[in-house]
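A single chain, nothing else alongside it, follows as structure tokens in the form predicted alone.
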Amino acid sequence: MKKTITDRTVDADILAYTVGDDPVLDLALVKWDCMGTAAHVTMLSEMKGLARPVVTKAEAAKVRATLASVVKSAAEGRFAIREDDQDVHMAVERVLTEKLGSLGKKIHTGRSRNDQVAVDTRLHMKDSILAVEGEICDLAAELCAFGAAAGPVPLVGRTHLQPAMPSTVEMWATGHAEMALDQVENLEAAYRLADLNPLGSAAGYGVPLPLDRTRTAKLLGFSRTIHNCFGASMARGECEAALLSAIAQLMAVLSRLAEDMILFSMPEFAYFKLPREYCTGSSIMPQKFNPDVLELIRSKAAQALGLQTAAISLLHAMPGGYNRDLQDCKLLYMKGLEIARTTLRILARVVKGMKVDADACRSAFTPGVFATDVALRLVAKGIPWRDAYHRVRDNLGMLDGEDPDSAVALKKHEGTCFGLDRALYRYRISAVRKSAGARRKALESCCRKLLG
């Protein structure tokens, strides 16, 4: 038998079952919980219309200073969340009460663990989304550098995995870079949902105190409050599902890149050579260098899709108001973030170390690859497209002797082999970095103002 911090005696198995993974997962939330508590206590000290203040401004300053010491101890690995704490919220309150006595018992006035964990999650999510965007830029920059280094090396463009039309290594690389950068839009949608303040909604129905929710939103750097307290409570899980949806789509894009890299580094293709330090050996075959890292990206993409499905499934039949099922959303979105961030970092390193075999790329061209280009050259001479199509199809021997370098050099319109705008990619990468960096600095500024 054990006692919780709320002095209710419960069975040990029940306590472990309801606490779940929170004592471990919540270590990632210590900073954000302290930041949310600092904002809440500051707001309590400024409330008007009460016979006596719940917390004085001097007391609020003491709380903030103690919270700053908690953040420091957590950063140094000296802060622990005990099972009888249940979560980061009660662990922080325990420490404040131990150090500040009855003042520590006042910090939960006017809030619930429901709006408290929602604040922690949203702050953590905002910071993490911006970090992911920066890591997408790192990968995109490596892909663009890889493509630029290869220059106009011809590469067989494929449809249905079959040889199709002339392309270049740079077009392949920057195409994947652009797909990765486009995923920032999905992450930004998740960010906008996370950038709303639920604090002050308490258990979902407000409290009979003159809380200033706009004030805490400003202190914490949120764009605005979630106006309806009941809606703020029901929004739990929505942010997590939205972020997991963005992560699942991002991982699908990264998985396709990984699959191309696996295929094009096979001996049968040999267009690319993967860095050996990112390949693994065999327990029985001494000659093997296997692309295990890239294969695992496919598996991680499947896991991300499963996490998204789990989050939406968790929410779809839940009644209005808070329900304990929501606790499990935390593990889902944190795992999704870990998958995405690790994958982005590893892929960037593999791309950076990858080499191009220009001779292998050129030797892969067969006459049929030039069929469309030759037909279009006939069109340029005035022959109707369908006639040109049939002439080439019925006389494939006319394709013999075509040169891949000459073929790709003729493709100059926007977005094709010799029409790629390297400055555009640099601009897009720079713009995302600048935006994400500015918002992360703003969030850290809010933290410093609250916690010193």
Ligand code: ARG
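Position 1 is the first residue in the sequence shown; the rest follow in order. Please read all numbers here as calculations on a predicted model, not as lab measurements.
One more form of this protein should be noted, the form predicted together with arginine, which is absent from this view; the next part is about it.
Q: Is Arg215 near arginine? Define near as a heavy atom within 4.5 Å, in the model of the complex.
A: Residue-level check for Arg215: no, no contact with arginine.
Q: Using the partner position in the model of the complex, report whether Val117 sits within 4.5 Å of arginine, counting heavy atoms only.
A: Within the cut-off, so yes.
Q: With the partner left out here, check for me: in the model of the complex, does some heavy atom of Arg113 sit within 4.5 Å of arginine?
A: Arg113: contacts arginine in the model of the complex.
Q: Check whether Glu170 has any heavy atom within 4.5 Å of a heavy atom of arginine in the model of the complex, and answer yes or no.
A: Outside the cut-off, so no.
Q: Hey, of 170-178, 326-334, 350-358, 96-104, which bit sits against arginine in the model of the complex at 4.5 Å between non-hydrogen atoms?
A: Careful reading of the contacts points to 326-334.
Q: Using a 4.5 Å cut on heavy atoms, which of Tyr322, Phe365, Phe269, Tyr278 is close to arginine in the model of the complex?
A: Partner contact (heavy atom, 4.5 Å) among the options: Tyr322.
Q: Which residues from 80-101 come close to arginine in the model of the complex, meaning a heavy atom within 4.5 Å?
A: Asp87, His89 sit within 4.5 Å of the partner.
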